[in-house]
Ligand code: ADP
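The chain below stands alone and is given in structure tokens; this is the form predicted alone.
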């Protein structure tokens, strides 16, 4: 059997991804391999498929018991005999595994590193009596002290090659910079290894970073239309995971906490409930998730900033492993960076402390980016990327800018007058003329004191972050960061350099799933899958992934031969589950008069490239979606009529029209009755314009989101005009 035939038979795919085929061929030729592939990129298949083809036993070293069970369940369902051997098993269960190994009834055996090389372990001696043909080391970065998740027990693996000198070893990781890669190769003593570094790009994940303000309310906004989706929410502390899980339960969400301080039974119960979709949300510390193969996690949220890019990339990579569109949301506060600097210190090791601090600073830089987030991530891992990915909050945004030179001059002057010795919080209080006792008396006598009183604290925080991102200010890397001027500051202070700041930002939402699937049928086949999973006593996604179900609900296969062409249906799964799925599909199609669409399956959807408005020729400006709505509005159609004609929501149309209030091309009175404006304006001035939901709540049902949005845009114009008048 060829690798491609095995891929179809056991895994249900007709072609390899990334560098899988080359990696597999090297293993089959008995060569050691180091493989760096993105989380969800198909690392496991790189050793699972050779295990099927090789005549003998594959040993898999894995750091977590939960991961072992997950992988073993998936393999057994696919018809590949696999087992794990760990401390969670009873003596009887361990004896059964040993018996199967002696009878050559197991293809893959999963072990923890300490189980293999523990002081009292005789396992190595036993394994040397078996026909071991491959050794796989998953999460290989754990062996490196320069990696983001060093585990001392992984150092035991350093002698592995001596024990099995003729057995090919494959080390796999999703996150390792060049220093960590070298450390992995050195410590494992791999012999003339082939090194494969695949693209780190997870094109189906949309990355977003939001300034942290009332983060629980922000989280509820994000979750509001995701109640039926699985997600992971990461918190910095154990206490906060439990508090947040309790708060989400109170809001009606199926959520549980997970952290290292919980007893093993609780952790196992909560994780199992999540894997089986009985719990939709796990609120966790980073103790949760390594290697978890749950394919239908639709989002990952970080309530606090992670310590480094590697950890962040790996954690966000737990979303969308089935290839369907998914989201990664991070709430950022500069205060998080200050807290984490204490955690970055490594006792009696200044060199490693500096490495950890550098990694933390890279993470802060990512959070404050004014440019494409995906490009930054890929560049971090030494991979080139275009300037616009079309799938992060920066690239999905339409920014309206204004002349913010006066604001910039006030900020830079304040930093200068304070002798570049204070952080953002003090500078903002100084600019706003705070009467707080913490403002020194001598500073209250300075000319700049109070010159920014007309700007809210939240807006000043946003402007300072933007000035840092634009290079007009910099933040020191001390434990208590201080604002400093840069070479670019002086021309601004002298009035020689104009500064443009962001007045508003409209973020487009990507389509959740691009295929035009039948939602009612998808629900039915999900129920069919759930029933099978209960009978097999495994999580539903192990039967087949959500992506496979979406394909079925899109193309409506009517026979086993057609179902075989759906990704994820290999020969084993086709024989086991094919008829049940087909019965559901055929009954549904018969009721509704539908026929198979498998003839359309070969047509690939081209992803539309995004063109920024500045690059767009004037003759193409009519294709601007907001302008289309605006022209229809000017022709006399109302918002609901435009929404119906364009197959968009009325809220989207309101957002389009508010943009033209912002540009001054549309009078706010065209969207809002004059009598309503004072109340909306008062609410905005009292509560800020960062989020519309609290404003709507304050204003009651007599006011629409569209009206509020339009007044926010109008007030932005008014504020901009006032600033410009002052400069004249």
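This is a predicted model, so every value here is computed, not measured. Positions refer to the first chain, counted from 1.
Heads up, the form predicted together with the ligand isn't pictured, but that's what we're talking about next.
- The stretch in contact with the ligand in the predicted bound form, judged by heavy atoms within 4.5 Å, is 44 to 52, chosen from 44 to 52, 25 to 33, 658 to 666, 673 to 681.
- Not one of 208, 366 and 386 comes within 4.5 Å of the ligand in the predicted bound form, counting any heavy atom.
- The ligand is not drawn, but in the predicted bound form it has a heavy atom within 4.5 Å of residue 293.
- Interface membership of residue 19, defined by any non-hydrogen atom within 4.5 Å of the ligand in the predicted bound form, is ruled out.
- Proximity of residue 39 to the ligand in the predicted bound form: non-hydrogen atoms within 4.5 Å are present.
- Shown alone here, residue 705 lies farther than 4.5 Å from the ligand in the predicted bound form, counting heavy atoms only.
- In this stretch, 312 to 349, the one residue having a heavy atom within 4.5 Å of the ligand in the predicted bound form is 321; the partner itself is omitted from this view.
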